[in-house]
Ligand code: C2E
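In the block that follows, a single chain appears as structure tokens, in the form predicted on its own.
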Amino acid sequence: MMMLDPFSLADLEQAIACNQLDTYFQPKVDIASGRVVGVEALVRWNHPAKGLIKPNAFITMAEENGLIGDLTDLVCNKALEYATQLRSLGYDLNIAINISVDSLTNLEWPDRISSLLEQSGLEAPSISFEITESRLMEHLSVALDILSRLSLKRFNLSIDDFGTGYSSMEQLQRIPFSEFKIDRAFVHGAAREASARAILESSVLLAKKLDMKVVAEGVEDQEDWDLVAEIGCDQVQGYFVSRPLPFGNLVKWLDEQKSK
């Protein structure tokens, strides 16, 4: 039986136009201090009939149909609005925003995002842009100029899902990344899998050689936490810390952490 798409391109276009997309946040914790140091902004589609839809169900459609620029701008706007609210509540956290490589084709975009930031009253070093490694390596020459411009404007750049692409040290040296995120596939359960642990240890060593901060994604239990702490990761992100939360729930969670 033929499977039908759960939604159409017209549905996605309407979602962007009618503000059906929201931003959830997953906390990032410093291993040494146990302190919450940042959050990653994760887009969610509040579909009126189908409920909450995660980004892996619609990002590719947006990329393939010329909607990723509008989607990226919407996510950035919402993330900066929420970041301003967090700052007013006394939470000075780094905000990480995922950027599709397909949106890194407009040379005016770094200036546009800088203007948005200026309007929000935030500073560039408080924002990190995460770029997925596998897609980046497909479009390296195109994206390099824009990433360099963002770095010059003092935004942090993070290479996301490291281990899923084919980067070399030479390629990584060409891009001014300050953060290195290791994919969940090489983190969760690595204490019990020798091959995953070897990749994890090698990735941390590579990041340290390139003077990057290391974030372990997919930390889901104490065993995962203990391993990434042992081998020298700087920060963790995953269900062991918290699931992605809507903004109101994030504030409650942060308040609870502060009172512990």
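Numbering starts at 1 and follows the sequence shown. Since the model is a prediction, treat every value here as computed from it, not as a measurement.
FYI, the form predicted together with the named molecule isn't displayed, but the following is about it.
Asker: Would you check whether the named molecule, in the predicted bound form, lies within 4.5 angstroms of a non-hydrogen atom from each of 54, 71 and 98?
Answerer: Yes: each residue has a heavy atom within 4.5 Å of the partner.
Asker: To verify the annotation, which of these, 36, 42, 212, 67, has a non-hydrogen atom within 4.5 Å of the named molecule in the predicted bound form?
Answerer: Of 36, 42, 212, 67, the residue with a heavy atom within 4.5 Å of the named molecule in the predicted bound form is 42.
Asker: Just one of 200, 219, 207, 233 has a heavy atom within 4.5 angstroms of the named molecule in the predicted bound form, so which one?
Answerer: Contact check passes for 219.
Asker: Select, from the options 115-123, 145-153, 83-91, 98-106, the stretch whose residues sit within 4.5 angstroms of the named molecule in the predicted bound form by heavy atom distance.
Answerer: Only one stretch qualifies here: 98-106.
Asker: Residue 196 near the named molecule in the predicted bound form, any heavy atom under 4.5 Å?
Answerer: Flag for residue 196 set to no.
Asker: Does residue 160 reach the named molecule in the predicted bound form, with heavy atoms at most 4.5 Å apart?
Answerer: The answer is yes: residue 160 has a heavy atom within 4.5 Å of the named molecule.
Asker: Hey, in the predicted bound form, is residue 75 touching the named molecule, heavy atoms inside 4.5 Å?
Answerer: Result yes; residue 75 sits at the interface with the named molecule in the predicted bound form.
Asker: Find out whether any non-hydrogen atom of residue 59 is located within 4.5 angstroms of the named molecule in the predicted bound form, and reply yes or no.
Answerer: Output for residue 59 is yes: heavy atoms within 4.5 Å of the named molecule.
Asker: Is any part of 228-260 within 4.5 angstroms of the named molecule in the predicted bound form by a non-hydrogen atom, and which residues would that be?
Answerer: The stretch 228-260, when checked against the named molecule in the predicted bound form, contributes 238, 239, 244 at the 4.5 Å heavy-atom cut-off.
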